[in-house]
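This document starts with one chain, in the form predicted on its own, laid out as structure tokens.
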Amino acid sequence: MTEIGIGIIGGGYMGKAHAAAYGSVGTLFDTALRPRLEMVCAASEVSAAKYQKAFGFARGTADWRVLVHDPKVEAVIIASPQDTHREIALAAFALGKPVFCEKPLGATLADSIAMTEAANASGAINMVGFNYIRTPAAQYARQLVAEGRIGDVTWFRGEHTEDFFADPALPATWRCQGMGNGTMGDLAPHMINGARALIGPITALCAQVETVHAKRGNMDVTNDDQAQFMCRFENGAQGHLFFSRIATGRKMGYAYEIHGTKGAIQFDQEDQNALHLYTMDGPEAERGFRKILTGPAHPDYLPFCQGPGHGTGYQDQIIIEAKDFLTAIATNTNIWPTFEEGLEVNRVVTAAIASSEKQTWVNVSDY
């Protein structure tokens, strides 16, 4: 086995998830590269020391430049605020180091373009953290669509809805400031990625992006609470996508419904180990959606559990990402979703915001 030194920038919610993933991925997937938790970077030396001890890193730092330039850090995981992504990624690519970046790729479309160009110029392995499309059920849904099990896709409905800001009395946080931290910057990229993965490129859309609670306490809210758009896919299918951080009762509402000429698929992340499939087989009186429980027969499930229906969880999605990233590095071959995908998702976000401002349909390729 060959070790690889991992450096993670950010020790909070996602930093912890990635640290746990790289600490266990080799055991679950028997990867050719075995990660070594080399260095963690946080906002202060105190935080860095705390995360170093808690997560099992060899060292900690409050300066991402120290981490990126350290020769023992051989792959960089960016789990810091999105307005830091561009500078960190460009520095790592200049050294030829593989980079995994949490979504959204860049704080702006210009950032994403620059980061993708740097990735391509360097030839270094790169990947974006779209974890929800990696569940065994979602991977199987992609397989069913690609194999034509539901025929030609005619319509797609997707949502990413949560309720962490549903109460208008909640105080303001950093999430209230800047479009990059609003619903279009935070939640929408996951479902846009899901729609592209399942159906294909989005070519045109007509969007509404709005702030429902304009003030929280004494602070003006400068970004969006919810958004929706109608769209047309490259294959001709129609679609509707909805995103919200004020969807009362929704905790992890990453859900979609796909209609085809021979059947349909339904999925809801709040029940991530079940996929609902309808096919136009047998007598009409016996037709209906059937619930498929994920198990060892589905992609990336068996390494976690030998029992069908026992299920995987959120952390397992991050472990699957880690496995893919390590495999890409070991084989020197990029594995989807790369920075190119992150860029295209950001392009759709940019087009949607422009459409809402113009109150008209727009072509995504114009952005």
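For every residue, the number given is its place in the sequence shown, counted from 1. Note that the structure is a prediction, hence the values are computed from the model and not measured.
Although not depicted, the form predicted in complex with another copy of the chain is the subject of the following passage.
None of A330, C305, A49, A43 but one reaches within 4.5 angstroms of another copy of the chain in the predicted bound form through a heavy atom, and that residue is C305. Exactly one listed residue, out of I246, I125, I88, A118, brings a non-hydrogen atom to within 4.5 Å of another copy of the chain in the predicted bound form: I246.
Contact check at 4.5 Å (heavy atoms) against another copy of the chain in the predicted bound form: none of R36, D63 and N218 pass.
Among residues of the shown chain, G311 is one whose heavy atoms approach another copy of the chain to within 4.5 Å in the predicted bound form. At the 4.5 Å threshold, heavy atoms of G96 stay clear of another copy of the chain in the predicted bound form, well away from it. Y140 belongs to the set of residues with a heavy atom inside 4.5 Å of another copy of the chain in the predicted bound form. Although the partner is absent here, V348 sits far enough away that none of its heavy atoms falls within 4.5 Å of another copy of the chain in the predicted bound form.
Exactly one of the stretches 67-75, 270-278, 99-107, 177-185 approaches another copy of the chain in the predicted bound form with heavy atoms within 4.5 Å, and it is 270-278.
For the partner-free chain shown, R157, E159, E162, D163, A166, D167, P168 of 157-178 come within 4.5 angstroms of another copy of the chain in the predicted bound form, judged by any non-hydrogen atom.
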